[in-house]
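Take a look at this one chain, the form predicted on its own, written out in structure tokens.
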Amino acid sequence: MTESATAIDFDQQDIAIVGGGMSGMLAALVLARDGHRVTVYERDDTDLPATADEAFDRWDRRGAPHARQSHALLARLRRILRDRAPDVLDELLAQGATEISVERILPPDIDDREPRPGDDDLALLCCRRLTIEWVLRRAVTAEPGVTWRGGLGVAGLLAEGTDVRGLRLEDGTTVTADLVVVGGGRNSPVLDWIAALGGSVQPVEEQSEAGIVYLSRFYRLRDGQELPLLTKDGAGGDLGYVAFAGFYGDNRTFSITFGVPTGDRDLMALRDADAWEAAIRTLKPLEPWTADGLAEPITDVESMARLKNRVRRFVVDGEPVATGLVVIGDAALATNPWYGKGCSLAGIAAEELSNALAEHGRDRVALAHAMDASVRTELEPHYTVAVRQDADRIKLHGAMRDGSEPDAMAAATRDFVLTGLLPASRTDADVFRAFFRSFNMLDAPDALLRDEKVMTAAFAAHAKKDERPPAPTLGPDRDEFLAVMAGATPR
């Protein structure tokens, strides 16, 4: 055996991954292709459906409560797949995912249509969540370096003190591993597992309310119809009392989603299908999506609630809470799903873990510190922005409901975005690209506000807000909106 082959063999590790959702599958695929031996332990025991449509219709993904909510693969994750798993990206496109490039959505008021360096990165994929999982599951289970163990839950960690050496399974058996990666989602019991090790240092958790309930309904185009075009009005908006958006899907599907403020019981009437259908037809940006004869619903109105922004830190005061353990995905850091960052955050974590293993190998302490650093630099800034945005929105919604004076800072921020930044992005090609890059996680969350050209254009647009014609009305006021729903609901 050559010296280089010996080095490669030494670096190969047996890695146990807990959870077969997005974060677990992305990590499994990347790490197996790095040459590691990966075993995935997934509690759900369901056969893989034959097609993506069958997956959407009847795949029971109890561990993924947002499986039938609107989704998109932001440009950051698309780039990771392009570089790390191009076959998966190709298969998503083959399965009908809708690719949205910068050229396709460049606002019509921008005269400069010339391409720019970096435009190849500026594309996102619109696709149903279960289609994404179906494509990934097929790729992961077919990967030579991956063993998939479905229907097998994990009961805890196998460790020497706080040095993790494997897993304790719910069937009473144990398995050893060089590294345990937990990607079990928002409800992962990993904190209990770590506490059971009895270490003197425990994880630190920070969380805040997202302040939103997510409601979605999916549709399929009728024969002879095409996906609605993105018009000057876009495909969504924020009425102050509720936010809404249309999302392209795959296989001739699309979805419409509302973000309803938590605690607004009146707006939760949107869960009624008749009220929903009446309400979406009051919204101007959705007119192309609600045209008569365009599509028919293929789901009920699906809801997702009790959403939080949350970050967990597993290195505290410079000391890892455990070694031989890495926590990724929503089990480590979660943001409001309205911002669409969850899948990309999972992809970033998988890529960062790959890089950390390549650099530190079996140095378990160095690996823990490297992953902590990656969370703080690559992931946590997105959490921080989500917390701030949600706090501002919660304040504004509260003032709107009770008639009180809105928070001055939150109101000023909203005004600057609506009358400065967004108008500038609709007329300046470079500002639009900077905005699109920020939204798609290709740049740091604060890069937009640090871009001198963007801020100059935004302040100039804001200064002229009173000179522009009033912005078009996106929809009715809250009372009229509620009246429309009430009128459509059977009594």
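All values reported here derive from a predicted model rather than from experimental measurement. Don't overthink the numbering: it's just position in the shown sequence, from 1.
Below: the form predicted together with a small molecule, not depicted.
Visitor: Can you work out which of 198, 115, 108, 153 has a heavy atom no more than 4.5 Å from the small molecule in the model of the complex?
Guide: Of the listed residues, the single hit is 153.
Visitor: Only one of 330, 250, 351, 390 comes within 4.5 Å of the small molecule in the model of the complex by heavy atoms, so just point that one out.
Guide: Residue within 4.5 Å of the partner: 330.
Visitor: Indicate whether the small molecule has at least one heavy atom within 4.5 Å of a heavy atom of residue 443 in the model of the complex.
Guide: Contact with the small molecule, no.
Visitor: Taking the small molecule as it sits in the model of the complex, is residue 134 in contact with it (heavy atom to heavy atom, 4.5 Å or less)?
Guide: Output for residue 134 is no: heavy atoms all beyond 4.5 Å of the small molecule.
Visitor: How about residue 22 - does it come within 4.5 Å of the small molecule in the model of the complex, if we only consider non-hydrogen atoms?
Guide: Looking in the model of the complex, residue contacts with the small molecule include residue 22, since a heavy atom lies within 4.5 Å.
Visitor: Heavy atom to heavy atom, is residue 462 within 4.5 Å of the small molecule in the model of the complex?
Guide: No, residue 462 is distant from the partner.
Visitor: Tell me which of 447-455, 41-49, 28-36, 422-430 has residues with heavy atoms within 4.5 angstroms of the small molecule in the model of the complex?
Guide: Heavy-atom contact with the partner occurs in 41-49.
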